[in-house]
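Have a look below at one chain only, the form predicted on its own, in structure tokens format.
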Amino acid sequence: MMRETKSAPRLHRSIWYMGAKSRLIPGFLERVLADELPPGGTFVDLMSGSGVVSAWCAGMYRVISNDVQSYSAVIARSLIGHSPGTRDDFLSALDPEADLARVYEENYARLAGYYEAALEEEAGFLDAYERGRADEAWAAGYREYLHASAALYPGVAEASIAEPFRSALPLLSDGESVAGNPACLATTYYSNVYFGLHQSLQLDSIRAAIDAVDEGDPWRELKQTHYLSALLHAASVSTSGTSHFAQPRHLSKDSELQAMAKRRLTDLRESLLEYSAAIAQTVRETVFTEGNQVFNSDYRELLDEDGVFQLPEGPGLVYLDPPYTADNYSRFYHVLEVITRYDYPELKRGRSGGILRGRYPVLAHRFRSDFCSPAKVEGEFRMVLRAVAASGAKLVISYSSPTGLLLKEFVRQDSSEPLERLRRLCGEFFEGVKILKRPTMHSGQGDSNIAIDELLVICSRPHSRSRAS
């Protein structure tokens, strides 16, 4: 049998994600990594996000991937959590229909029993849209249907639930699925908000089937990770919002209703199969190095009491891709986190006591990064710089200029040269600091595209005092 040789990695088709590095890798990040880390070295992706960098690097390096968000860790595991000796056997064992179909069909049928009339109405509206009949009368009817589908989340007044949704009232009690009831989290929290009703039933039924993969299957854990990653990808590109879950669309404009209907035509079961195949293809084409690992933690939990990284393999290079702005990612991707945990979380309420439009979990269940805090962002950079230097590794930082929060804070503090100040900050811990720029266009939240520079800050040759501290 011929030994596999390393070849140029392929870019994985990522979830819809702010700051996903698919555009940054070709010809930019790939060149930096080729110069700074030899093949087979240990690459640490400290905040893996969409997983695209971890997946791409797994074709050349041993990869240690981490993210505090559970959905990110699942995606990374599906892409890099494979042993070279067992990868092909696992891929051969994948069979979504055999593994998921029975429980999916059972859960869907039970859920649909609560929503028969509502599903029929939705199908009529979506069929009319697909046939080009989305006129003003259609918009008025669809808008009325959506307004009627108030959340069935516990605490919502029963009187506010209109037909044809009242038949589903027994589904939830005290925030959890009633014993013996079908899995129904997405249906009762997000239907006709971020997903259509049929899509939500599909999502819940797929999620139930993933949990129910045969306990006697030797590949059970890997299959569950793979299928859940595929489901997260499918949910990401099917949201009725824009490209995230910060807010659902408003219903006032007919154009918004049409955009919503277009997304709700996506069949999540078919999309799951497509992403399952795409993830499998990425894994099949990756020549893995033994020893990849994925962590699901705040990066600070990977530090010892002296602030030094404690990792299974001594890192050769650490890659830091922190949030750039004051926007916490947990707000934009809370639905993916809830789908992953599937724990029926308490939802945040407004001053009037009503559930917020965004359907966010309460703050206690959402991670908030100090990289998003104007008062704390510099301290976070210092902590990572010190920890990486003390471990003896190189550091590459992805950031943006001039929109990066740290750079904006430098300007606010009367720095006329924020990049030079960033260079000096890194220079406190590394002798070699180089900043590379690539012009690009960035779409801000609610803003038109703006011109920015994507930065790669390359830190090498840690100061000996950093390693000793």
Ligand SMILES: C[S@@+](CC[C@H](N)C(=O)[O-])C[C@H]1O[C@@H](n2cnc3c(N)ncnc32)[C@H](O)[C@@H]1O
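Quick caveat: nothing in here was measured; it's all calculated off a predicted structure. When you see a residue number, it is the position in the sequence shown, counting from 1.
Keep in mind that the form predicted together with the named molecule is missing from the display, and what follows is about it.
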| query | finding |
| --- | --- |
| Option touching the named molecule, based on a heavy atom within 4.5 Å in the predicted complex, out of Pro361, Gly81, Pro315, Pro323 | Pro323 |
| Position in contact with the named molecule when the complex is considered in the predicted complex, options Ile458, Met18, Leu455, Ile452, heavy atoms within 4.5 Å | Met18 |
| Heavy atom of each of Tyr104, Gln199 and Ser271 within 4.5 Å of the named molecule in the predicted complex | no |
| Trp138, heavy atom within 4.5 angstroms of the named molecule in the predicted complex | no |
| Proximity of Ser369 to the named molecule in the predicted complex, heavy atoms at 4.5 Å | yes |
| Heavy atom of Asp298 within 4.5 Å of the named molecule in the predicted complex | yes |
| Contact label in the predicted complex: Val68 to the named molecule, heavy atom within 4.5 Å | yes |
| Option from 403-411, 50-58, 33-41, 420-428 whose residues, in the predicted complex, bring a heavy atom within 4.5 Å of the named molecule | 50-58 |
| Sequence-ordered list of residues in 327-360 near the named molecule in the predicted complex, where near means a heavy atom within 4.5 Å | Tyr329 |
